[in-house]
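Let's start with one chain on its own, the form predicted on its own, as structure tokens.
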């Protein structure tokens, strides 16, 4: 069994960790969890048999569980803790706002100061076409709002046939009825009679699966062409919008070729359809730009955000509404019959204001672009020499590698073997959080990660790949 190099504590860490873990009865919490807590995306029968891991403390890029074990969080929580754990500034911002005015709604011609200031700040850091924002509580709600905005826009332009929104197979846009429908996850569509009407999908721009034998640029043009084929198939006068993540996150860090998004932009412009960028994962510096659309060079009309806007410290999401759409909504008049009790929640907005100030003050976007991203690319792509790795690629501070049975032919493992989950088990067991999406292993560490910590992370990943390889050989799977 591999030794966990993170079991050694510094003198400063031990007291706080001991207090945090000593206050938690792990078995009691596990029992209560099994009895009462229905988790997202979980087989609850299997979870009850295994028992949950109880996390009790976070600091920087590390987490501790109730047993005192430290792990390096290579996933920023769930793609969101951009400024790292333990930021007192964010807790203080929430406390100040709670004491002053914890809540009031944005209905009835009413507003609040943090929401207005945040709206103005988001317009400042977003691409220039965005001067308006609609606040939600999550990315899923943001993408539900997109459906309403897109269809309202075309109704106001007296083109009610334009209802169809095109997404991508294996794209992810949330788990609400509309969000899951916009996404192209087959396992989600299998539950709940999804997608809802008015949604179609095209294939994802995944070179490893669909483009081998072609250059990346040639494949990017081909993959973008699938959008034009779908538009012509259903009729251009019926298509309202195309939605996509700059790179697909929950689908396994699918990084499109550089030629892909400019061609998508050309096709959307040609047929006059709205272009929607789901920036829930890619926004607020993750790719070395404020938003992913800036990294890949396209100009969306609508842009959803969440996660990194508050670094996950408190729920907040929204939709940046471009001039093309905002002008129609405002100039044509009439009520937009949509909104949420917590739209523009003052505490969430106060935390977001402080979080964006941290990102600016510490130059995290520039740090990712100029330092940590190039360094991660150099270190992570070197993992491609490992016998289990068929491809390793990065973009900003996200990265993914493919586990393969035969490195020479890039033959994949049979899906039912669950090799990715086996590898994830070695990661979790040895102090590293790395997510498995099928047999793709992915990371998205906090933006505050240092070069030394990147080295730590890569060493852990390499050791866990070795442990996975050993187990596969013992099982005669390789």
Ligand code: PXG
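Just so it is clear, the model here is predicted, and its values are computed rather than measured. Numbering follows the first chain given and starts at 1.
Unshown form predicted together with this ligand; subsequent notes refer to it.
This ligand in the predicted complex comes within 4.5 Å of a heavy atom belonging to residue 79. Within this chain, residue 435 lines the site of this ligand in the predicted complex, having a heavy atom no more than 4.5 Å away.
Contact between residue 250 and this ligand in the predicted complex is found at the 4.5 Å heavy atom cutoff. None of the heavy atoms of residue 286 is located within 4.5 Å of this ligand in the predicted complex. Out of the listed residues 138, 126, 181, 145, 138 is the one that sits within 4.5 Å of this ligand in the predicted complex by at least one heavy atom. 280 is the sole member of 280, 401, 351, 276 with a non-hydrogen atom lying within 4.5 angstroms of this ligand in the predicted complex. For this ligand in the predicted complex, the listed stretch (91-99, 330-338, 363-371, 166-174) containing residues with heavy atoms inside 4.5 Å is 166-174.
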